[in-house]
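As a starting point, one isolated chain is supplied in structure tokens, in the form predicted alone.
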Amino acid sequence: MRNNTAEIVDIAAQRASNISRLKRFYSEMILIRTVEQTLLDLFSEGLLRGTVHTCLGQEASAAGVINALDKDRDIVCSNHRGHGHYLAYCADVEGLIAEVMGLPQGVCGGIGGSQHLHRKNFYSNGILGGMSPIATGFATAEKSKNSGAVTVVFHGDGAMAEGAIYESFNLAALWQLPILFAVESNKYAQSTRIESEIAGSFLGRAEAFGLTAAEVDGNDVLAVNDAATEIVSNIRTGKGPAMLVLDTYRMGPHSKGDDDRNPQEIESHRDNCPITRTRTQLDADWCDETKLAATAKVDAVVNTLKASRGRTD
């Protein structure tokens, strides 16, 4: 009887912990989704310059992986589709939106724009696969300092056609660097389907260089966080570099409106997107309130920024 009671208590405690994590991740993901949709709206209004690559449908990758890190010392290297990574890292809504609007209140003074963000240990760049060598350099420096810091670099399946990534794999494995290569496999390289671009498997490519490799459902935020937490812990304790493949789907266009996919294909993925899936595990009223709060927060930021440039609705 005592064993059964203890087991029931453990199950209840685990469920409560999972609900708490799901609420935290849902709050982050709905904020990311709200900001990304707002950026597309601002582009339609002519208030953004340049391009905007959103991560609609990929929010679990950002929330799950970033929350497995020690944000005070670990390093995040993001890519051209990095708004979600940035918000999961620091929740700086105003700094991000102002930056993409080209305003001085932006995190980089409005100079970097959508693809070039920097705050503390967060860095992004728009060159496809270009952050992998930089991240490998960061990891080399952190290992030489014995800091215990782990570097995470994000890229998509399209970037897996870039040679610089494999050079990074080689050095990371050769020098046993504290680095995690997070591959957000959203099934498209711009408009090219993954089946028309990638031969073999991602895991096989990583293993060929001696990297530990794992694959997880990238729309299951708890699974992403659990896998990333374990891998980051292993890397931090000296078990070498690793790759984590996150199977997901890009719900939005490649950039702004350039999307030639069949709308029915996109709709077929809607119920499997991370926000929809997470919502089914939480109280609907709480989710609605959380969404309203995120919308109010983002709207307030946008209205303030519009006013600062002498333009209001």
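In this text, all values refer to a predicted model and were calculated from it rather than measured experimentally. Numbers follow the displayed sequence, beginning with 1.
Beyond the structure shown, there is the form predicted in complex with a small molecule, which is absent from this document and is the topic of what follows.
Interface membership of Glu162, defined by any non-hydrogen atom within 4.5 Å of the small molecule in the model of the complex, is confirmed.
When the small molecule is considered in the model of the complex, Gly158 lines it closely, a heavy atom lying within 4.5 Å. With a 4.5 Å cutoff on heavy atoms, His83 does not count as touching the small molecule in the model of the complex; it lies far away. At least one heavy atom of His254 is located within 4.5 Å of the small molecule in the model of the complex. Of the listed positions (Ala223, Leu174, Ile127, Ala141), a single one reaches within 4.5 angstroms of the small molecule by any non-hydrogen atom in the model of the complex, namely Ile127. A heavy atom within 4.5 Å of the small molecule in the model of the complex is found for exactly one of Asn186, Asn219, Ser168, Ser78: Asn186. You can rule out all but one of 131 to 139, 226 to 234, 188 to 196, 88 to 96: in the model of the complex, only 188 to 196 has residues with a heavy atom within 4.5 Å of the small molecule.
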